[in-house]
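Next comes just one chain, in structure tokens: the form predicted alone.
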Amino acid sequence: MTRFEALTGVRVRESYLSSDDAQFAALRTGAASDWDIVNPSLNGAWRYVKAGVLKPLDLAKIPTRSQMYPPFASTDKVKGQNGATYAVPYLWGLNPIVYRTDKIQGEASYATLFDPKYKGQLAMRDYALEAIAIAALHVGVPRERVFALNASELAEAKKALVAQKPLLRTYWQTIGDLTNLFATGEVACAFSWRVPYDELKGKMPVAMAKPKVGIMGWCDCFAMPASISDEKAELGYKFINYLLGPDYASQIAEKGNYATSSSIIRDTLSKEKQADIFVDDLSVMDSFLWPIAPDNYAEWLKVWNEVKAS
């Protein structure tokens, strides 16, 4: 953030929290009185809005928002029932399938993760929300429903996961462990984050697949606490503008391999870099899935534990 500091003369002081839950709790209890900008996830923004802990934003004070990609600019996930916008999506990415092109035939898909042909070479994340949703997609549940399964659909997803379990090398818990499994040749295909690809490309034949049936995404937003002073809010708007502007977008693309929610620098990037940060083919945005726990998530966790114990 040194560039922003140089432009404005304002020092940015960062605080780190263990989770989105911890941030939300701090705002609700008043323990975050010295925060000027907070960082809710796109899928978790609704609870901040419902709890009244965020300031409604004056979008006219965020001119760089005009170049946001439509799925981010139009999302209702950051709006209240009054129609006001309370947060701005700014940084996002996709959780692809990472695979070895020398061991997997053709482009990998969710079906690959359930294919007996690759027994012992597959891995899934040890996370009920994404695993059950992927199984639901695999058995034909429309992507609009994969986080709102009825009892029959949940049972079908469980059946697919029970059949998948003997095919897996492991359920991975840390991305470092999964990267090592790829590096040692123990895993050839996994539902993943992008880290193994970034770490291993150039060292072995790896690729990322983005299933068009539905690809899991993550997105961070910026918002301001409801208690922020008018003076600090003006600085907050400047900060959000900076994060949606070309300087930050260039830095995060080149150094971090991530995209901001704005198209502001897209056409200046090489085709390779566009592919690296998932903006080469914008049709991928038509299949975004933003994981969100359903109301009956306790039942999902029960199913997941039963799958792992099977």
Partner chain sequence: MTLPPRLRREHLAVPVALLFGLGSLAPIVVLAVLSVFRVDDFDLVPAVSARTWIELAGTPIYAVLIGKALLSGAATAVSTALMGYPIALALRRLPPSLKGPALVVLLTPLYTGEVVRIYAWRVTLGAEGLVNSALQALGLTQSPLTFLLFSPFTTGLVLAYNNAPFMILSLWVAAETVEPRLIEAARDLGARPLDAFFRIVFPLTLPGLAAGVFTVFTLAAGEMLTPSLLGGTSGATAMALIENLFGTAFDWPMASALALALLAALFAVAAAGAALVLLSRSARAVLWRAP
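Residue numbers count along the first chain shown, from 1. Note that the coordinates shown come from a computational prediction; the quantities given were computed from them, not determined experimentally.
Beyond the structure shown, there is the form predicted in complex with its partner chain, which is absent from this document and is the topic of what follows.
*Asks:* Should I292 be counted as a contact of its partner chain in the predicted bound form, where contact means heavy atoms within 4.5 Å?
*Replies:* No, I292 stays farther than 4.5 Å from its partner chain in the predicted bound form.
*Asks:* Residue-level question: is N180 within 4.5 Å of its partner chain in the predicted bound form, judged on heavy atoms?
*Replies:* Because a heavy atom of N180 falls inside 4.5 Å of its partner chain in the predicted bound form, the answer is yes.
*Asks:* Does K61 make contact with its partner chain in the predicted bound form, using a 4.5 Å heavy atom cut-off?
*Replies:* No - in the predicted bound form, heavy atoms of K61 and its partner chain never come within 4.5 Å of each other.
*Asks:* Would E107 count as a contact of its partner chain in the predicted bound form, using a 4.5 angstroms cut-off between non-hydrogen atoms?
*Replies:* No, E107 is distant from the partner.
*Asks:* Which of these stretches, 43-51, 243-251, 270-278, 62-70, has heavy atoms within 4.5 Å of its partner chain in the predicted bound form?
*Replies:* Stretch with heavy atoms near the partner: 43-51.
*Asks:* If the cut-off is 4.5 angstroms on heavy atoms, which of these, P116, G83, P142, G185, is the one near its partner chain in the predicted bound form?
*Replies:* After the contact test, the surviving option is G185.
*Asks:* Check each of W218, Y237, Y197, Y171 and return the one that places a heavy atom within 4.5 angstroms of its partner chain in the predicted bound form.
*Replies:* Going through each option in turn, the one that passes is Y171.
*Asks:* What are the residues of 276-310, in order along the chain, with a heavy atom within 4.5 Å of its partner chain in the predicted bound form?
*Replies:* Heavy-atom contacts within 4.5 Å come from Y297, A298, L301, K302, N305, E306, K308, A309.
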